[in-house]
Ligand SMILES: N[C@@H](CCC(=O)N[C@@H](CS)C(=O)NCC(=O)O)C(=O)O
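Take a look at this one chain, the form predicted on its own, written out in structure tokens.
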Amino acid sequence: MREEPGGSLILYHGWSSSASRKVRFALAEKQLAYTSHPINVRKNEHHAPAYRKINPNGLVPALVHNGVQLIESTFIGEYLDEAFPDRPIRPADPVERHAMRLWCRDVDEKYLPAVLKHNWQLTIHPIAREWSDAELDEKLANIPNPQRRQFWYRMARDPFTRDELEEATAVMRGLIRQMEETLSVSDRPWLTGETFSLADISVTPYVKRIEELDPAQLDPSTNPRTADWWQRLTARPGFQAAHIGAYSEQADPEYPGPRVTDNPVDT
């Protein structure tokens, strides 16, 4: 593995986790070697005491750089660009960088809660519904994040209704509308302009899920600009190296992803 000037990087992540996918994509675009440490969310490994020493919130991903623990996927992306300036993934122009941060905010505040409903209903509910009340109480006590604690409770005792899931899908369709309008008005290739950036990286896991939940949204006859953006983005070597596959397949804890990357997009 090629040594990077900034030292060692260890990524604790879930293969199907949207936030983890963002960080893997950022690492791949910057061609940074890192040690991959997959966390099995369905087995609650992210709530274990050992992992919570790395991320007290009990969420994935977490990045350790030379012993320094970093959390929150959006902040990790910006950190990587500051710590490793080569192959920048933030626009140089301050106006475009502001636009990038607005996209990242919308992803975290609007689209992540929506996609979680579909993802957790598919993969967590079948497991959590089998827990006894005592098992549920024990697991909830280990979850420090109140919002996630409520998600886990619902998966065990009060799964999302069909209407709630449809509302979540409608929110995701709103992402595609937002992208289509932005790309059409600017008439530029990427969400913040001429430069591929963290804005494009941040929306990628959510566009991938829309492709699975409502593929018509990415039909060129429906949203031509976004369809073209998606075709160009998925052709990037960094996308391939980030292992952003089908959610249902990567939610399998036995997903055979690599444990160590070696700057796979180098040529």
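Residue numbers here begin at 1 and follow the sequence given. Predicted model only: the values in this text are computed from it and were never measured.
The form predicted in complex with this ligand exists for this protein as well; it is not shown, and the discussion that follows is about that form.
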Single option in Leu165, Leu112, Ala99, Leu183 placed near this ligand in the predicted complex, where near means a heavy atom within 4.5 Å: Leu112
If we test each of Trp190, Trp120, Phe160, Tyr153 for a heavy atom within 4.5 Å of this ligand in the predicted complex, the one that passes is Trp120
Please check if Glu72 has a heavy atom lying within 4.5 Å of any heavy atom of this ligand in the predicted complex. yes
Is Arg148 close enough to this ligand in the predicted complex to count, meaning some heavy atom within 4.5 Å? yes
Check Ala19 for me: does it contact this ligand in the predicted complex (non-hydrogen atoms, 4.5 angstroms)? yes
His46: touches this ligand in the predicted complex, heavy atom cutoff 4.5 angstroms: yes
Counting only heavy atoms and a 4.5 Å cutoff, which of 238-246, 56-64, 25-33, 219-227 contacts this ligand in the predicted complex? 56-64
